[in-house]
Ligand code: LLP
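Shown below, as structure tokens, is a lone chain in the form predicted alone; questions about how it binds or moves come after it.
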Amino acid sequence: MMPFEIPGHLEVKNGHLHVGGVDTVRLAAEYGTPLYVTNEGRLRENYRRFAAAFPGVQIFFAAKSNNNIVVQKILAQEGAGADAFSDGEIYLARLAGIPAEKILFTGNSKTDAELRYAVDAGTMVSVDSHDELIALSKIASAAGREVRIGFRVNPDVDAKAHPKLATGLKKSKFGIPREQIVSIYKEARDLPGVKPVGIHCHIGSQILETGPFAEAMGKMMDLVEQICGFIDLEWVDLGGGYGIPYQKGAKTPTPQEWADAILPVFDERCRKLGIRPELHLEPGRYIVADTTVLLMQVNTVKRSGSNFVATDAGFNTLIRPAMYDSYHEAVVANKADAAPADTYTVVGPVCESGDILATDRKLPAVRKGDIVALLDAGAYGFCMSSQYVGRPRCAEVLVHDGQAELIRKRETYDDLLQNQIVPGRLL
């Protein structure tokens, strides 16, 4: 078995990479490239594995990680709520069938219009600042509503993640400093239109150790102890950030190992305080990342300092390697069981030197027309793609029970002009 294979999900058959029993080379020929391919079975399996490790915990899928409505409908069927960072994500979550009471609006710089949308929708709101609290109180009061809120705490915890993925450090733009939390809860308790019922934090993304979560849980429960005497606390939300092994063979915590670090702290502190709020978690990447591969066709192979494999997908299609120096395994899908022949750097068609998807990878002999698959592309993949350099965004396909279904059409040239208006004087 090849190192990247996952039985029932990623497999090599007749030399070709298969996803959920479907030949990726055939999918590339049928739907064109670039192409995101998601395995529904793996998506459900990942959710169930995470949920099983945290019995009784409410899971709010981090909608920012994958905004495809089909993915969210599947997770809604599994019982997930949604961590929504914008009004658009609230809209998509509700469209997917997630009830408003299982949606938490967590944006750090919410507009008044977004707050009105959340009030009208009936979602919970994680308040990120004093200014936002006052604005939300006025908006909800004017609408004759009472919004259930929590406050996002900046717990000052080092998540030991990439600096651009750390969100819980003292210098982070997110959340309210711990030392201000008690006073802001007291103020919120007496304001109209809002009802403080929860407390929230999020320390980062792609976290590969359990220690930061245990530390954050401890600091959150310290604050819970300070506020539970005057706030009827219904939930504690520890956020997300649960990482995956992008490099195959890397050791990362399992959901059970995360649970073993988090739950004892939560349970013991609740027992001592004589309270039992719900625990909420916000996994995104763990649920969706490895469900999906990005297929791209090789346009050219050339030696120029390095062996370059230039494909039809670049950072306009998958920006993570350019933005975070992130690693994705590269597999030549039509030669998936072939031995490595040379070292290649996989690049895209964008006019930027940073348009590099995979550096110095040992691959079989690559030729024009081959299909390269980047693995673990389901989180922060299509949802962060763009039309940069005039390239329409790609299609998405869902595989299920050995069949493929188109779940997002490939854009056309006309989509490059969508919502643009040419003044009459220039016609």
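From a predicted model like this one, the values you see are computed outputs, not experimental measurements. Position 1 is the first residue in the sequence shown; the rest follow in order.
Same protein, other form: the form predicted in complex with the named molecule, not shown, and the subject of what follows.
Heavy atoms within 4.5 Å of the named molecule in the model of the complex belong, among the stretches 379-387, 22-30, 359-367, 398-406, to residues of 379-387. Here is the short version: of K73, K138, R320, R178, the single residue with a heavy atom within 4.5 Å of the named molecule in the model of the complex is R320. Put simply, of N154, Q206, T123, N316 only one has a heavy atom within 4.5 Å of the named molecule in the model of the complex, and it is Q206. Proximity of P283 to the named molecule in the model of the complex falls within the 4.5 Å heavy atom cutoff. Within this chain, Y327 is remote from the site of the named molecule in the model of the complex, having no heavy atom within 4.5 Å. The shortest heavy atom separation between V372 and the named molecule in the model of the complex exceeds 4.5 Å. Using a 4.5 angstroms limit between non-hydrogen atoms, R42 is distant from the named molecule in the model of the complex.
Contact residues in stretch 68-91 (any heavy atom within 4.5 Å of the named molecule, taken in the model of the complex) are D83, F85.
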